[in-house]
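Before any questions on how it binds or moves, here is one chain, the form predicted alone, in structure tokens.
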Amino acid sequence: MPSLPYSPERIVSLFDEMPKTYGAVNLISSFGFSHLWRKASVLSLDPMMNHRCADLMCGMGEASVLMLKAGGPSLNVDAVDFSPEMTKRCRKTVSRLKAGNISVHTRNIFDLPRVAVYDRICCSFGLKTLDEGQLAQFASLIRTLLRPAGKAAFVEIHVPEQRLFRDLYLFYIRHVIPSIGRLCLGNPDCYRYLARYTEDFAQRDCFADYLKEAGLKVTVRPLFFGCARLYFAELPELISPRGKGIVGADSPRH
């Protein structure tokens, strides 16, 4: 089996082909759990009034809307994705809901300015599209973007460890989900690729370690018998050695 392509160009072309069916297939094939997992990820962040938040690899902006609902109208969210078709759908959602506090940006997350500007960061189902080096770079980016006491949550489809459940699950994502994609008038090959990205990510999952190496406090929680995982990271507050209050490591000086 040929190695998976992880270039930004390949990932963009994959997701640019799926916006019309991606949301429906996700919801149907996960029996609604994709929404519940995304919501659990957002609620774990406890977004509050006046927080500045980021929804990275935002897709169609589902998590952005959940963050705004959880944190209230004074919350501000930057929704970022490098798929033009996905952000196009995201902008339609923002316009339909009149969610003026959500700003949508079509850009590669690795092109974001490395400045600590966010109180909360979420990422839903995007980790599997990053190779090993990109995952380490992403963890470092998260550390840089978070303000002191900032929090980040990531939810990703995974593979159960229990053998029988694992085999059934792999058959499901390899064969059944692409068929659901076809029934929804999508390209089943796109969903076959997503299954391969999911398997590959599960086999090499060191994301929690990368977050810890970046200086973040991390907890990992399996969801629904290991079919998904929630990674929660927090930038600890540090007491200034001169007793000048609480600061964050590498926090901007003014």
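Keep in mind that this is a model prediction, so the values were computed, not measured. In this text, residue numbers run from 1 along the sequence as written.
Below, we refer to the form predicted in complex with a small molecule, which is not included among the displayed structures.
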Thinking of the small molecule in the predicted bound form, which stretch from 172 to 180, 103 to 111, 158 to 166, 69 to 77 has heavy atoms inside 4.5 Å of it? 103 to 111
Classify Y22 as contacting or not contacting the small molecule in the predicted bound form by the rule of any non-hydrogen atom within 4.5 angstroms, answering yes or no. yes
4.5 Å heavy atom contact, R229 to the small molecule in the predicted bound form: no
Tell me, yes or no, whether L45 is in contact with the small molecule in the predicted bound form, where a contact means a heavy atom of each within 4.5 Å. no
Can you tell me if M86 lies within 4.5 angstroms of the small molecule in the predicted bound form, counting non-hydrogen atoms only? yes
Verify the flagged residues N26, G59 and L130 against the small molecule in the predicted bound form: is each one within 4.5 Å by a non-hydrogen atom? yes
